[in-house]
Every structure is written in C-alpha cells, then in structure tokens.
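In the block that follows, a single chain appears as structure tokens, in the form predicted on its own.
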Amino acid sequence: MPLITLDNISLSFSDKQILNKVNSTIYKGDKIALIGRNGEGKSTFMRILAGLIESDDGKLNIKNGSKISYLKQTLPQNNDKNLFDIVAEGLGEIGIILTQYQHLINDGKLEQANKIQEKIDQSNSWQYLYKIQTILNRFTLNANTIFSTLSSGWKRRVMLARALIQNPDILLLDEPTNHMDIITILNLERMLKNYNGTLVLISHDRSFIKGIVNRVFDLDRGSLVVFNCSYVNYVKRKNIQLHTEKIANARFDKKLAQEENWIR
C-alpha cells in the first residue's frame, strides 16, 4: 500500500540543484535507508517528506490519515521543560491536556485539575498517561528531569521517545544514533527491527543500517535511485555502478584527448 508518492519533485537552493525531478513511492512496511554524500540534501529530502518545506516543482502525495513523526538531526536548545512534558507533546492536543493536568495535580490545584479531568474522561485519554510512562521507562528516562540538564545522547533518547509516542505510520529518523553509547544503539536497532510502521532513516553508522533496512534510496547529484534490496546488496550493486561509470568516464576522457590532438 503506497503511503507517500513523490511525483517529479524538484528543489534548488541558490544555484545548487538538490532534487531534480525525483519520482518514488514509499510503501507500508518499508524500512528505507537514505544514502548520499554530505551536502547532497538528505536532510532536506526528509524535511519535504515531513511537510516542513515545499518543493519548487512536483507533487508530494501522502495517504489520508497517515501520521508522520520526524526526528531532526539537530537537538532543541535551552529547553527547560521536564521530560514528561516533552514526550507528551508528541501526542498533540491530548498531550497538552495531560501535561496541564499533571502540573495542576503537582501544584495542589485540585479544583482546576478536576475540570481538566472531565476533558480527559470525555476523550477517554487516561490510557495515554500509561503510554507516556511506558515509553519513558523504555528509554530509562525520569519524567521529572529537566531536558536542558541532559547530555546530547540522553537528549536524543528523549526526542526519540517523543517521536515514537504516537505510534506513527511513517517514522523519519535523521542520524538517530548521534552521541549515543553502544548499548543504546544496539537497543534502538532491535526496536527498529521490530517496528511495524514505515521507516526512513539517515545514518552514517553502516553497521546500524544494514541490520534494519530492506530498501535503499541513493541520492546523488539531485537524482534519486531506488535499490529494492538490503544494504549489503546495495553496496555491491553501487560498487559495480561506480566501476562502470569510472570506465565510461575514462573512455570519454581518452576520446576527448584524441579529438583535441586531432584539432591541434
């Protein structure tokens, strides 16, 4: 089942062509590695999928009702909220209501908390309190810890929990293992292997990627080539492709040199 379809997507920044008439389809259950050299526009591609920026041309079609969560490569700065609040924000409006309720209870404002409780009852949302605590426990996070006091690795855990809390249909992860220790990376790898949704992943950690993905999107000089295979098989096919391109370039250079000599 197609979840996202890219139809002739093009985007340029200044004189640089980031995407040049890109066509592709992301299906339910895909686990995709987005591969490309630094500066090729991988993060920009992710932001288009997340709906944060629009392309210059072409059309992005997302299946109605699809929930998308996006973990950015850059972490929030100077955020003094506690971890419960930040993770709850991933639930949208109901998360905000639950956060208000928790603060009123903690401050002893029971009458005001009762009014919020009515909203939670009406929307049958008490289950989400358990869900928030469950995912905090999964990442060994303390609900009352202040975000700004954490190291970069722990902050990334928090933002992962926030991205996962709503059980998205499509999960976009941009360098999720940055600043993480090896144990956390291995735990995340196991979790993503068992993840039932659709995943698009950017990571320089090739050993992490190869155990998860079943497709590879190769972004190279504005063009997107899709490899419907594991990362290991992608590497083999890409090496053959590069070798063929190298031979073709060498032949062209040789022919050009011969023609230049003839002109002289």
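Note that residue numbering begins at 1 and tracks the sequence as displayed. These numbers come from a predicted model, not from an experiment.
Quick note: we don't show the form predicted together with a small molecule, though the next part is all about it.
Engineer: Honest question, do 13, 18 and 73 all end up within 4.5 Å of the small molecule in the predicted complex by heavy atom distance?
Structural biologist: Yes, because 13, 18 and 73 each have a heavy atom that approaches the small molecule to within 4.5 Å in the predicted complex.
Engineer: Quick check on residue 47: any heavy atom within 4.5 Å of the small molecule in the predicted complex?
Structural biologist: Close contact exists here: in the predicted complex, residue 47 approaches the small molecule to within 4.5 Å, heavy atoms only.
Engineer: With the partner left out of view, is residue 38 within 4.5 angstroms of the small molecule in the predicted complex by any non-hydrogen atom?
Structural biologist: Heavy-atom contact with the small molecule at 4.5 Å: present for residue 38.
Engineer: Taking the small molecule as it sits in the predicted complex, is residue 223 near enough to touch it, meaning that at least one heavy atom pair lies within 4.5 angstroms?
Structural biologist: Answer no; every heavy atom of residue 223 is more than 4.5 Å from the small molecule in the predicted complex.
Engineer: Taking any heavy atom pair closer than or equal to 4.5 Å as contact, tell me whether residue 42 reaches the small molecule in the predicted complex.
Structural biologist: Although the small molecule is absent here, residue 42 would touch it in the predicted complex, with heavy atoms inside 4.5 Å.
Engineer: Can you check 229 to 237, 59 to 67, 30 to 38, 208 to 216 and let me know which stretch has heavy atoms within 4.5 Å of the small molecule in the predicted complex?
Structural biologist: Residues of 30 to 38 come within 4.5 Å of the partner.
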